[in-house]
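A single chain, nothing else alongside it, follows as structure tokens in the form predicted on its own.
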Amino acid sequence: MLKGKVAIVTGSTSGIGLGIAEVLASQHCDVMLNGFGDEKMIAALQARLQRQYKVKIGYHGADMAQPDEIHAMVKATRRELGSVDILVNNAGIQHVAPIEEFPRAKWDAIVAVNLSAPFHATQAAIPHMRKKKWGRIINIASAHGLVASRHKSAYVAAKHGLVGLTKVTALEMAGSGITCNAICPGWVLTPLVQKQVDERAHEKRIKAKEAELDLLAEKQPSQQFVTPEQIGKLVLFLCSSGADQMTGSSLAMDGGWTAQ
């Protein structure tokens, strides 16, 4: 479906981003990976995806807190893979603490990676998309882009901001062939969420599986984690012709979390 297209997926060496990259590659889309990991692991990941899906897989180690590196990543994608058709702003970081105890440096870092980075990547990618009169910008926000939780001031603020950025981008790109939408997942068992599960298990002195169910019970009525593959399939739909007139939307994939 996406043969001849090129996607950048930030934060894609693990978790949600890797799940999205896999789904796009399965539809013959070339992908520029980005994220953390040692060189051998990343090289092995590139080789596996290329072998499995017979597409080009690049890697750029841009630090999402550094605007110049983000712009360099977009340029490198155009140079190495030939185009920039799809941008998935997925990279994210988290820290949990009450507002009065929240470290200033953590606030700045979370806003930089979760909100400013998507702006800089979008700004860099749009000119390439305009030339082809086609583009898809997909922001991985969160249920926390729609509702709030205690002790997550920076993350909630950044994700709410990302939903707002999605709407502005959609309005400015309207009629250009470029769409911009946000996906708002609930709990996904990523390394970020696993850390919260582990902390809960330690604090409550319960088993990891009990901690998972305890976490889900607070927010997610389905009592099941969203999977990276499911998010990837929604990204795929947003890249299809069926979504040509879908722009500025924030799509909840949260097991009923925000329906409450």
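Keep in mind the model is a prediction, meaning the values are calculated, not measured. Numbering starts at 1 and runs along the sequence shown.
As for the form predicted in complex with a small molecule, it is not shown, yet the points below apply to it.
Of the listed stretches (154 to 162, 128 to 136, 78 to 86, 98 to 106), which one has a non-hydrogen atom within 4.5 Å of the small molecule in the model of the complex?
Of the options given, it is 154 to 162.
Checking a candidate spot here: are 24, 27 and 232 all in contact with the small molecule in the model of the complex (at least one heavy atom each within 4.5 Å)?
Heavy-atom distance to the small molecule in the model of the complex: none of the three under 4.5 Å.
Can any non-hydrogen atom of residue 35 be found within 4.5 angstroms of the small molecule in the model of the complex?
Result yes; residue 35 sits at the interface with the small molecule in the model of the complex.
Does residue 247 reach the small molecule in the model of the complex if we count a contact as any heavy atom within 4.5 Å?
Looking in the model of the complex, residue contacts with the small molecule do not include residue 247, since no heavy atom lies within 4.5 Å.
Is it the case that residue 113, even though its partner is missing from this view, gets within 4.5 Å of the small molecule in the model of the complex, heavy atoms only?
Although the small molecule is absent here, residue 113 would touch it in the model of the complex, with heavy atoms inside 4.5 Å.
Although the partner isn't part of this model, could you tell me whether residue 74 comes within 4.5 Å of the small molecule in the model of the complex, counting any heavy atom of the residue?
Outside the cut-off, so no.
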